[in-house]
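What follows is a single chain, given as structure tokens, in the form predicted alone.
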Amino acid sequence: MRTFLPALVMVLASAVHAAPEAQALLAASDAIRNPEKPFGLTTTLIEYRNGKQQETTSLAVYSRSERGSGQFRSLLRFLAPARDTGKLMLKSGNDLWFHDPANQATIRISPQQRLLGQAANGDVVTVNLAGDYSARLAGEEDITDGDRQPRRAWRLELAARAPDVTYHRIEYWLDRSNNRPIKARFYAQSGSLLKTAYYRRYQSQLGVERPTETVIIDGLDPNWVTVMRFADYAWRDVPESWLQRDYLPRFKPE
């Protein structure tokens, strides 16, 4: 008994202080970024070079998750600039399609392809990271967030489950107190840093405090910055027909 009790105390203490399961943390952070029911929002991307505003793109996003997999399917309609108004992007599974109504052409595109500034096509569609990546808890760290405030965070290492996702590897920091995404570093298969993102300006949207701004900084040039702003959140019906590639030429915005 004398040797058993200390061992039991150590086991119980370990259970009390056990680290959370990494994949559960990632799923919890997904639920903060992504509404649980079909929704729409407006995404605006603004590119800056050396502090000077360059191009701006605005998109209407319609998205909903698939039963079972939890993966999102999304239709994006370009609102601005005028030269791109009416163009469409469709994400179904990990397939991404682009439709130009001017020539009625629909082509397959890569999620890694640049959309504007440091934002890739895969950055503007709704993504369930817990479905696309395997997570490993790499520890706790004190970091500085996008508002230069100190935060205690979980650091996750995410490894792509399939070659057709946007990034090969991601370092992901979540607020230890509430699992909110704070920061991410995205890496190419070569191991080079592509970009760093900060998730900011949490506001109540559709019943949950969600980030309404993501600041993306180039991995090589810190003076090349793209800001993504999310507004006009709303629950809305997203018909199944909108998420079909063959329907793109007939899509009419409501």
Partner chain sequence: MAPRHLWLVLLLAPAAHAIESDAAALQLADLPDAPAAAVPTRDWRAHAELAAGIARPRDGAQAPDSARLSLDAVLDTTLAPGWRLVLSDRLDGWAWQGRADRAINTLREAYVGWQPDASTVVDLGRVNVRYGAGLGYNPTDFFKAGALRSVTSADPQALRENRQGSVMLRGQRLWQGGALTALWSPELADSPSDDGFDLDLGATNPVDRWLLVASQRLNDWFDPQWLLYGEPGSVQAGVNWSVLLSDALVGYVEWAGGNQPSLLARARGEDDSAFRAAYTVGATWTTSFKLSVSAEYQRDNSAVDADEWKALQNDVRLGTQRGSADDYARYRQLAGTRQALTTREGLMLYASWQDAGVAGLDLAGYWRRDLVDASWQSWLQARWRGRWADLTAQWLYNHGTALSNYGAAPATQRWQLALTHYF
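Positions refer to the first chain, counted from 1. Being a predicted model, the structure only gives us computed values, none of them experimental.
Missing here is the form predicted together with the partner chain; even so, the following discussion is about that form.
At a distance of at most 4.5 angstroms from the partner chain in the model of the complex, none of the three residues 37, 157 and 203 contributes a non-hydrogen atom. This chain lacks the partner; the member of 74, 166, 128, 179 within 4.5 angstroms of the partner chain in the model of the complex by a non-hydrogen atom is 166. Although the partner is absent here, residue 46 sits close enough that one of its heavy atoms falls within 4.5 Å of the partner chain in the model of the complex. Looking at residue 242, you'd find a heavy atom of it within 4.5 angstroms of the partner chain in the model of the complex.
Contact check for residue 143: every heavy atom lies farther than 4.5 Å from the partner chain in the model of the complex.
By the criterion of a heavy atom within 4.5 Å, residue 161 is excluded from the residues contacting the partner chain in the model of the complex. Contacts with the partner chain in the model of the complex, taken as any heavy atom within 4.5 Å, map within 81-96 to 82, 83, 85, 94, 95.
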